[in-house]
Structure formats: structure tokens, C-alpha cells
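Presented as C-alpha cells, the chain that follows is alone, the form predicted on its own.
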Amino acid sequence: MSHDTLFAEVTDPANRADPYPLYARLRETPVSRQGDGSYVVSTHAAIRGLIFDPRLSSEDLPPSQRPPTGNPFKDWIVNPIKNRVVNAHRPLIFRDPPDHDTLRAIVMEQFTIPRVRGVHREVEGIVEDLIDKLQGRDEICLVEDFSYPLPVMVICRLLGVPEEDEEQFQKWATVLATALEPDSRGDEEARHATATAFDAISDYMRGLIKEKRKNPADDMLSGLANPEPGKPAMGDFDLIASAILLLVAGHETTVNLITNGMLTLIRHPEELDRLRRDPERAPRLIEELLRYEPPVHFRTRKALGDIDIAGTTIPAGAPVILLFAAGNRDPARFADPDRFDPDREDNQHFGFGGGLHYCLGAPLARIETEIALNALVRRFVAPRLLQDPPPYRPGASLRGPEKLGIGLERIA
């Protein structure tokens, strides 16, 4: 297998359960040109050298293109307008400065640490309720029964989405997550499904924003829709895109972090027992999870100019893949990198990316995962995997199990 085809192997679903040997091969050439002209950056030092480089652009999405409907008015007037609006108002993770910085600052005015910490007790209640509903069962699917519903319930309540609409939001999040998978961008069917879901959730959010302006509450969407006088404000199109980003990106990464976390703990029963005995150990354990089994394995960029890095020149216009999960297992940066070690010191991982696009929702994801894992190890008696490795979701970037069957002696 030559180096210029290795990333194609990474995206092959057959390698989803264990891509790490491929990452090790890629690290042999820190910046590797692939057969399609893209450049994969795979060592910790090379990734660190690029995440703040202004010559790398995040504006690499293909143009929005809605499928033909057969209705001339929609196909020639309505949909082209929608496409232009979407292209001009991408979510901030697909925007460069200065637009990115402006939008991020506005969102962070509402997505504050005190607000996130304020949902701690509510998250605890949701977690315990989800586990209570599993009483009497000796087999569960952690993804369907716990990891998937939890984050969408939490982010909906932070945003101010009515509880009765949470189920619909979960369905939208499932479809829209494909837009965050770089390897699905050439799939026309997926792109059309994403466009349909985006239009539906945009219409919903437009109505909810109108309601929040009429009757503001103590939630993020009310704050974004009703900025204080003199404070920066975003237009409705950017507001809708930002709300959708918070829903989808926050949901998908947290689902993977919780599921990968429980999978890793069951595979390392001594660490599961240590966490059960000492819940205060959770923050260190989660940081190691973010390194060892991160929720996002890579993100894509586009070179705006020639970039010399690690002995290679990335030419202007070339697609660039920052392979964060490979950097997280780099033996030049981490001792014994393939060992799960929550006591690891100086754990500067890329579990939430890095640079300008460091994950907005990292504090919330950490809180949800800490509460979730502590509750699961406390209440699940003698958990065991029903299938190892479990079946994985198709995407290589947002990598996580599609299902995680767990057998239990009982639930406490």
C-alpha cells in the first residue's frame, strides 16, 4: 500500500473499527500528498504548526445545490436564492476571519461558562431519568438508549427549544451531521437530504426566533435574537446557521465522546473500577479519552497560498486534511501513545481540534460526559460488550459506534 492511497483506506468503512495502524503509516511522512491532490497532515508537530496558520482556509465546502423539483418556479427562482443565501451564511466553522471571529464572539457572549455550569443539575436529572427507563433490562444499546438522546435534550434546553420538539431536532441532527463529514461531500443523495433537512430546520428556527423576540426567556436563542443595545448582533441568516451548528456539532461530538468513553472503560475494567470508586477522577479520564478515542478524527482546510511544512510544500489551492487523531497517537509527542492512561501528564491533545476553530461546546461536552460516565459506571452492574468491535457509523471524521450493545447483571 503506497502512501498516496493511505487516506482512501482511512475513509474505507472496513477500517473504521481500528484506523490507528493506518495513522501510524501516515505519520511516517508528516505531510503526505494523496492521489487526489490533497495533503494529509498527521504528526503532532506538523498539525500544531498549521492550526494557527492564516494561509489555511476553512471555507472549503462545495457550493450549496438543491435538487430539481420539477417545479419551474422553485427550480429557477426559489432554490437559486436559497443556495445563494446558504453559500453566503455558512456556519462559523466554515468561515474565515474576520467573519468567523465576529460570529464566534457573538455566540460566546451567550454560550458562557456560567450558563453551561448552570445546566449541571438539569443534566444530572436527564441522565438519571434515561438510566431509570432502562430498569429491568439485561441488554441495552447505549447509543440509542442513552448517548444519542442526552446531548440533543441538553442543547435544546440551552437554546430554548420546547421539549415537545426535541425528538424532531434529534432527527434533523442525524441528517445534518453528514454535512460535517468531508468524505460524504461528493454523495449527491446525502447532499440533497442535507439540503431538505436544512430548509426544514431553518423554517422552524425562523419561527422560533420570531417567538423569542416577542417573548424572550433566559436561554441562548433569546439572547442571540435580542442583543443588548450597543452590542454586536448577527442577522437572521447567520443566527439560524449558528443555532443549527450548536445543535448538530455539539450533539454529534458528545454522542461519540460518551459512547467511546464507555466502550473504552469496558475494555479497561481496571479503569472502570477506579472511576466507580473515585468519581473525582473523571476530568483526567475524559482528557485521556479525548486523546485516545477522540470524537472528531480530522477536519479539512484549503491552502490559500504555498505553505512549507515538515519538508513539504503544500501548493495554493490544495485541499488539506488535519488528521487530529493521528497527532494524538504520535510517539514523538506522547510516551506509549497506544496505551490508555488517565494519569498521563502534559496531555496536549487535539480532541476538540485547535486554533481559531477550537470546539465552541468543549466545556458543555466535558460536563455532559463527566456526569454521564460517572452515572453509568455507578449504576451499571457488571457491564460487558455484546459485540467487540461494535458496528461503526459510516463517517471517518465523526467516528463512533453506530450501536453499542451492553449486557448487564442489573441496573442499580
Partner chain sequence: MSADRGVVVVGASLAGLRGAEALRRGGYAGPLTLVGDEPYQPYDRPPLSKHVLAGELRPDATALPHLVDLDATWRLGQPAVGLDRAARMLRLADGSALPYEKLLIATGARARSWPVTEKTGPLPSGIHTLRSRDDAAALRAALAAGPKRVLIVGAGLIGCEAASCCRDLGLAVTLADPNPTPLARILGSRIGGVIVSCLDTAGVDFRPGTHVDAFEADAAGRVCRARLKQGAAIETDCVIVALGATRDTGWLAEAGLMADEGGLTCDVACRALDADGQPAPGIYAAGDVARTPNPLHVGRLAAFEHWGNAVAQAGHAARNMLAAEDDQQEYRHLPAFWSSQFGINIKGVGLADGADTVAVMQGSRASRRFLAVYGREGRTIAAISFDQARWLPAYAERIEAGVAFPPILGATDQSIKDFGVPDFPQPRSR
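Residue numbers count along the first chain shown, from 1. Everything numeric in this text was worked out from a predicted model, so none of it was measured.
There is another form of the same protein, the form predicted together with the partner chain; it is not shown, and what comes next is about it.
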property	result
Option from 300-308, 160-168, 263-271, 240-248 whose residues, in the predicted complex, bring a heavy atom within 4.5 Å of the partner chain	300-308
Contact label in the predicted complex: Arg55 to the partner chain, heavy atom within 4.5 Å	yes
Residue contact check: Ala46 to the partner chain in the predicted complex, 4.5 Å heavy atom	no
Exercise: Glu128 in contact with the partner chain in the predicted complex, heavy atom 4.5 Å	no
Asp145 within 4.5 Å of the partner chain in the predicted complex, heavy atoms	no
Contact residue in the predicted complex, chosen from Glu109, Asp199, Glu211, Asp101 - any heavy atom within 4.5 Å of the partner chain	Asp101
Contact assignment for the partner chain in the predicted complex, among Leu386, Ala375, Ala362, Leu356, heavy atom within 4.5 Å	Leu356
